[in-house]
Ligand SMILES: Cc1cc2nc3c(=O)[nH]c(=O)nc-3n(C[C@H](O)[C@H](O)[C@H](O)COP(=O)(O)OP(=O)(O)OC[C@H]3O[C@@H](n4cnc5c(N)ncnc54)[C@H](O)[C@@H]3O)c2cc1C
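Only one chain is shown below, in structure tokens, and it's the form predicted alone.
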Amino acid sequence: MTTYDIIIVGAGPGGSMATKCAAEKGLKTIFFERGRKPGEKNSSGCGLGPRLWREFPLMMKELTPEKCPSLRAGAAARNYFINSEGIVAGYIMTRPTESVSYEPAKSWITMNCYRNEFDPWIAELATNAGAELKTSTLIIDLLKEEGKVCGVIDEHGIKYKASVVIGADGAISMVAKQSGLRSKWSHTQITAVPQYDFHAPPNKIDDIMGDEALAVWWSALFPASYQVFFNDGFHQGLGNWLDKWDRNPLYYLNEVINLKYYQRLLKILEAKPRELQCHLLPWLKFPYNTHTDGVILIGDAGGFPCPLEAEGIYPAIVTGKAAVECAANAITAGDVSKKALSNYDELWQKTSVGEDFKSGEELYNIWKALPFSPKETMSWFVPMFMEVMGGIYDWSQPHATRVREIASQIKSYMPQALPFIMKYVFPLIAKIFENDLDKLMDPSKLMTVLPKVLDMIPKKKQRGGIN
């Protein structure tokens, strides 16, 4: 039985980052991948945010198109709004705004690539740092002594011993289950995410989509659907919590694909379906049970995807680094108990990931109640939003008449909009500005005033003729 300082189960981005950090600290480290190489079993794509380049500049500088051919930077995001008849009622293009304070975030939104290229790249950084990678190996259990975790056991019964085991083994984490940290996620904590992967010629993507990185399709017909563009293709997917699916998820994904507008887009892009994919993704208000005696969970295994949009690569990498910092200190002190490893929660909560989770409950609640509640919320939100954004361009009436008509129509949505604002929007604002609440208007007063403001819009006046 070989003994290590740290064992990492999983060679995804989080596991590889944890391994890299451990090896760089001089710790004897091994990480396991059940596929023949990292990323082989995962042909899904990912969007890498600018925060990675800000926080890990030397590492990310090495990610080039030569090492990752699917890599594509995008500076624009498109939001499509589909009404209840399945018609694209409008869309809005967004780019990095003036308030963005650093590069490369001023230049692009995401750097998109396929995981079967990205995962081997970051795993190689770990092995170059001196770590051992064991592929084609499925870890099926944890090794224990006197009830405490002290290593892992693979499918062939081979045992590997270590002071600390880091679980980077995804949403259905064996490490979490066998350590007693979690048996399984509840239906309100995990999402099912089907997606189609399409091939499209790079020149078509560039000529037609320009520098668009992604798109979100908002509708009353299906949960919010995302589209991510790579160098030679794109994903179209959607997800929802398991307690919110009332039909087969593929039914809703096909609703997107069968939109007349979408079929036109497929045609002009010369897009061909390559693969149907589906994965499970934890989506929590706040991570819990992240460590115990000799065990730390990172990334999806620990429930760390962003509480707003559930992006998981960045949180996995950040928590992987924090986990190793905690483990290294514990190993040096000769104490890897649950109490000693509680420093892990302190470390990750001080990061940018922790900053997101300070408002995790409010972010989670508003997102779950808005784009992921198509029948309950998007059925009124889409037409109301398009009245605000698009109604003024209607030349069917004099502009002043149209403004009054638009205001009247918006007012008709207030019985639905106001309770939503009170229940979800104001708690989020109050949480984010909790240190400046004295500077904010009392929400209850604002809710009283807003309908009156709409009533104050003057009715059309009759003007007398010229004598």
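When you see a residue number, it is the position in the sequence shown, counting from 1. What you see is a predicted model; the values in this text were computed from it and never measured.
The following text describes the form predicted in complex with this ligand, which does not appear among the structures shown.
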> Between the options Ser225, Ser179, Gln195, Thr290, which residue brings a heavy atom to within 4.5 Å of this ligand in the predicted complex?
Replying inline: Gln195
> Only one of Ile158, Leu280, Ile257, Val388 has a non-hydrogen atom within 4.5 angstroms of this ligand in the predicted complex; which is it?
Replying inline: Leu280
> Every residue in Lys41, Cys46 and Pro305 with a non-hydrogen atom within 4.5 Å of this ligand in the predicted complex?
Replying inline: yes
>> I'd like to check something about Glu311: if you look in the predicted complex, is any of its heavy atoms closer than or equal to 4.5 Å to a heavy atom of this ligand?
In response: yes
> Might Thr137 be said to contact this ligand in the predicted complex, defining contact as any heavy atom within 4.5 Å?
Replying inline: yes
> Contact between Ala23 and this ligand in the predicted complex at 4.5 Å, heavy atoms?
Replying inline: no
> With the cut-off set at 4.5 Å between non-hydrogen atoms, does Gly233 touch this ligand in the predicted complex?
Replying inline: no
> When this ligand is placed as it is in the predicted complex, which of 263-271, 363-371, 73-81, 161-169 ends up with heavy atoms within 4.5 Å of it?
Replying inline: 161-169
